[in-house]
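Below, in structure tokens: the form predicted alone, a single chain.
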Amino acid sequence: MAVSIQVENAVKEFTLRYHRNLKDLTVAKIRGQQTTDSFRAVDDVSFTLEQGDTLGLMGLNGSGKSTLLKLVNGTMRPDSGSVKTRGRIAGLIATGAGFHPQLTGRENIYLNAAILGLSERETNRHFDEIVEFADIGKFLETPVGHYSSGMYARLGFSVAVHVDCDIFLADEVLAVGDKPFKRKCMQKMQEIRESGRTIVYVSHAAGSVRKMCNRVIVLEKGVKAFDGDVDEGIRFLKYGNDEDQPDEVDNLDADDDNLGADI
């Protein structure tokens, strides 16, 4: 089986700046105060996915999931290590990413599709399907700057799932929108998985991860803490973390757990 994604010792570091203007920065330096700090959002992470694998990427907020997804997508580069992918990449890694707020929904379909690598001819061929799936009705001719976050998600996801890709990335795709739309998204992702494409799916929803994925990676503060069986990974996330984070962990089986069982 061909390797689809290969991540080797990937590191991504960010710098925190504590002062926003030159005056505060100067005063802090005179007083000997710390003005910057750095942290690793992704810390020496390695894994390989073969064509057709579906990976659930899990972890608490701030664990580095979205940063790792952006490294795979190519919108960020690792500071050290390497990230290699094979084929066209599509997906939704940020609600409304690639949209211009002053352009209409129709115009943004073409813009976003072009960013994802579709030609105008390909977009024309899929246009009616994209509009039908997004189900934004009369707002198609309205500037997307007036859209709600749910409408952003509808349109962005609809464009992404109609790209003929080899790798599909989805970051909290079920976090926005009503239940019927979430269910439609999951059904579409099932079709993508069954077509043999590689999927990296970021989610806190244990039910949908169980339904979609054949492997789970759990990140803790940028470090790969678990890599293996789906059920074991979910149990690790629930019980292997500090007990001072109960609310978020307890929500793993809420709401979308039932959704996953319905599909």
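Numbers follow the displayed sequence, beginning with 1. This structure is a prediction, so every number in the text was calculated from the model and none was measured.
Not pictured, yet referred to below: the form predicted in complex with a small molecule.
Which residue, N61, Q34, S38, T26, is the contact with the small molecule in the model of the complex, using a 4.5 Å heavy atom cutoff? Contact residue from the list: N61.
Choose from 38-46, 228-236, 205-213, 191-199 the stretch whose residues reach within 4.5 Å of the small molecule in the model of the complex, heavy atoms counted. Only one stretch passes the 4.5 Å heavy-atom test: 38-46.
Given that the small molecule is not shown alongside this chain, does F14 nevertheless sit within 4.5 Å of it in the model of the complex, heavy atom to heavy atom? Within the cut-off, so yes.
The small molecule contact in the model of the complex: T54, any heavy atom under 4.5 Å: Result no; T54 lies far from the small molecule in the model of the complex.
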